[in-house]
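Consider the single chain below, provided in structure tokens and representing the form predicted alone.
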């Protein structure tokens, strides 16, 4: 049956965004707030969460936001964050499971496969997939208790779908540092896609939709060498801008995607079509 009105309208709904103080997080929070949602901004960095919330308040008149520090790899912090959101806003309708980590030591994060430390691997996995599970579990319980369904969107990566082309990394820098895509990052993001499909099937009869948003490469401080080499792999011939992920999130979070669940929306400029 066709929907009446604006299917993108989120008025009266509450959204939780993890990693809300990050590169993409602030824009994700803003697009949800701009379409009427009350937004809880969660981030490991309390100052980043607060700064993101304040920026959205300045950009969106009348926006209701709550900034909370939360380590998504800590079950107690996750549970406490959910309680505080429900106390403030009365429930949760949308979860954007967006938090990910490069760890506190970029040198260790970007180590070659042959010398990669198991401790670093486990630290990344604790956030990138354990944290996804813990947030989905806690918010899913809340959605079940509310009895009105909901939408969970989980951020993966293009490198959870295809392997990175190692040729683009020679001379490629991010914020002045030699970079690569570690195996742990690719493995953790592939796991996000699998978790999404499981949850979508598990909660489908309860009206809880679960989908993956998979960004391609986003301009965020890479040098020209990386940007040019990556862009040469993309049919649209360029990297993405951060804002180009926001409308995809809005679609998956809102009633516009009411019959979409268990899917992976890949926003990559066509990279994976060849």
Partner chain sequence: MQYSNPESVPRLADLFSLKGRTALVVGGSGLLGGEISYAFAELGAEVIVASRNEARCGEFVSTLRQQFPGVTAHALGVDITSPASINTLLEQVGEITGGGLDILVNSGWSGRKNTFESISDEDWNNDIEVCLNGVFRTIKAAVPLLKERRGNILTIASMYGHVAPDYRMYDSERFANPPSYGAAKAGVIQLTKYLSSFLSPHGIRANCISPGPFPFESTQKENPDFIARLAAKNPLNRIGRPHELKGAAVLLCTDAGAYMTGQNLCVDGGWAVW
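Residue numbers count along the first chain shown, from 1. Here the structure is a predicted model, which means the values were calculated and not measured.
Below, we turn to the form predicted together with the partner chain, even though it does not appear here.
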item	value
Among 86-94, 129-137, 191-199, 160-168, the region lying within 4.5 Å of the partner chain in the predicted complex by heavy atom distance	160-168
Exercise: residue 35 in contact with the partner chain in the predicted complex, heavy atom 4.5 Å	no
Interface membership of residue 232, the partner chain in the predicted complex, 4.5 Å heavy atom rule	yes
